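In structure tokens, one chain follows: the form predicted alone.
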């Protein structure tokens, strides 16, 4: 809700502005800066120092274009965001404003976007799987409700397509998509795929397109996660898909540079770890309520880049997309052991057996590169490796249930090996081998 507009700027620096007295803000309060004549929004600024005589604000994207005539608007955005159950099926921008050309949403309430730390005593131990319909995830690296996990991928990998695939098959009550720096066709693709899958009615899209205000891109995860928290408090299981967290971190770096903050590695602020952690730590299974699960696409050139490096210390594993495939050897869900023993009796065993055979197959492949691995068993392994890559590491296609995914695994083993070559127990062989 808008409070008032003032015009009391007394000094404009490189990244700071000063205002006479206290215009009615508290420390860390965010205000909007407006062009004096047209009222056009120019930027946002945060109160960083308040005395009896003056208040200093840190401008998010530099003071270029500002003057002592610039107006300051006091209001709640971006410290709060509107919330309504009628947001489902709709698209919004980084500040939570309707962005799909549809009718305005009448918000039921305003929710804080500060992402305050959740009391650890109300966090439940993760214990329920969140099925995605993707065999490589559901069978081999099961996603768990309340988990926080990134998708690591090179810039040219189809990571947004993978997020779309997850959204189509995810067994969640609410799906929140938050895209930073998207191309318009990426936004349209995601929306079309969700519409075709029937999941659009339980999805909310927050999008920041390339070329939009950097500040809205910076705000977007906080707005999306605050809305997710509200649904979680209603008892809903919420899946949040963030993309691309490297884009978001780059905006954070740009804003930090405008503010004359001392840079760290590759120009990122020293607070990069805590800023990423603040967002990922929203993931939780909340006592007496629902859950929030976060998957964050993170593009990289190297795992040693600051963004994936810091992300790896915060999150609980990773999905690694390489050559358009979800690579088993480079992916890990650290929470899977808490849930994959409660599914079908063969789940853990088939996961372990196929992973072990794939490791042997990779050794056979390396040997074949130098003209070795010509014996019959090595040839079996090589055929198995090809089959595994094409049918298990391939993440795209019609979502399938866990039972069907496990049956598919048995069929692959049966195509290439004798029962005694799989390492599976006699009991499981008798139960499942001839059924597939």
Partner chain sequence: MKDINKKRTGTLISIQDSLVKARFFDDVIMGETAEISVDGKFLQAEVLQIQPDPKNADAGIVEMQVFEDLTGAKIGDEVVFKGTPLSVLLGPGLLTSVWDGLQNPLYKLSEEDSYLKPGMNAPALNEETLWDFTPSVKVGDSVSGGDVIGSVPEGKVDHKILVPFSFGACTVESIIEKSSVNITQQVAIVVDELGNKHELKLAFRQPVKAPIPFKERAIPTKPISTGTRVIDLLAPVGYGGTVGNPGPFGAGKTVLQHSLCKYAVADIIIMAACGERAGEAVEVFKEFAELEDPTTGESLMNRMCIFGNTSSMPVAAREASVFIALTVGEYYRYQGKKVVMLADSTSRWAQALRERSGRQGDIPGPEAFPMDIPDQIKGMYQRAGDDLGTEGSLTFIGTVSPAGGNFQEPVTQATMDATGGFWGLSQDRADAKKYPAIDPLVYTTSVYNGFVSWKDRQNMISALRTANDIDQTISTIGLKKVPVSNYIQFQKGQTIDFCVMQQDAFDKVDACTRPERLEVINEAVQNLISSNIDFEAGEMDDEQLKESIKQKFDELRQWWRDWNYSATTEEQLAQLPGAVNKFILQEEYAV
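C-alpha atoms forming the largest set that superposes within 1.5 Å between two forms make up the rigid core. Quick caveat: nothing in here was measured; it's all calculated off a predicted structure. Positions refer to the first chain, counted from 1.
The form predicted together with its partner chain exists for this protein as well; it is not shown, and the discussion that follows is about that form.
Engineer: Just one of 273, 107, 189, 258 has a heavy atom within 4.5 Å of its partner chain in the predicted complex. Which one?
Structural biologist: Looking at 273, 107, 189, 258 one by one, just 273 meets the 4.5 Å heavy-atom criterion.
Engineer: What is the one choice in 161, 202, 325, 278 with a heavy atom within 4.5 Å of its partner chain in the predicted complex?
Structural biologist: By the 4.5 Å criterion, the partner-contacting residue is 278.
Engineer: In the predicted complex, does residue 127 have a heavy atom within 4.5 Å of its partner chain?
Structural biologist: Output for residue 127 is yes: heavy atoms within 4.5 Å of its partner chain.
Engineer: With the partner left out of view, is residue 64 within 4.5 angstroms of its partner chain in the predicted complex by any non-hydrogen atom?
Structural biologist: Taking the distances in the predicted complex, the answer for residue 64 is no, it never comes within 4.5 Å of its partner chain.
Engineer: Using a 4.5 Å heavy atom cut-off, state whether residue 377 contacts its partner chain in the predicted complex.
Structural biologist: Output for residue 377 is yes: heavy atoms within 4.5 Å of its partner chain.
Engineer: Any of the heavy atoms of residue 382 lying within 4.5 Å of its partner chain in the predicted complex?
Structural biologist: Flag for residue 382 set to no.
Engineer: So which of 214-222, 236-244, 194-202, 116-124 is the stretch with heavy atoms within 4.5 Å of its partner chain in the predicted complex?
Structural biologist: Selected range: 116-124.
Engineer: Since the partner is left out here, which residues of 290-317 would have a heavy atom within 4.5 Å of its partner chain in the predicted complex?
Structural biologist: Sequence-ordered list: 304, 308, 309, 310, 312, 313, 314, 315, 316.
Engineer: Taking the rigid core as reference, does residue 114 move its C-alpha 2 Å or further between the shown form and the other one?
Structural biologist: Not so; residue 114 is displaced by less than 2 Å.
Engineer: Once the core is aligned, please say if the CA of residue 236 is shifted by at least 2 angstroms between the shown form and the other one.
Structural biologist: Residue 236 C-alpha, core-superposed: shift of less than 2 Å.
Engineer: Hey, does residue 347 budge by 2 Å or more at the Cα between the shown form and the other one once the core is superposed?
Structural biologist: True for residue 347: a C-alpha shift of 2 Å or more.
Engineer: Out of closer and farther, which fits the Cα atoms of residue 213 and residue 47 in the predicted complex compared with this form, where the change is 3 Å or more?
Structural biologist: It is closer: in the predicted complex, the C-alpha atoms of residue 213 and residue 47 lie at least 3 Å nearer than they do here.
Engineer: Do the C-alpha atoms of residue 271 and residue 30 sit closer or farther apart in the predicted complex than they do here, given a shift of 3 Å or more?
Structural biologist: Farther, not closer.
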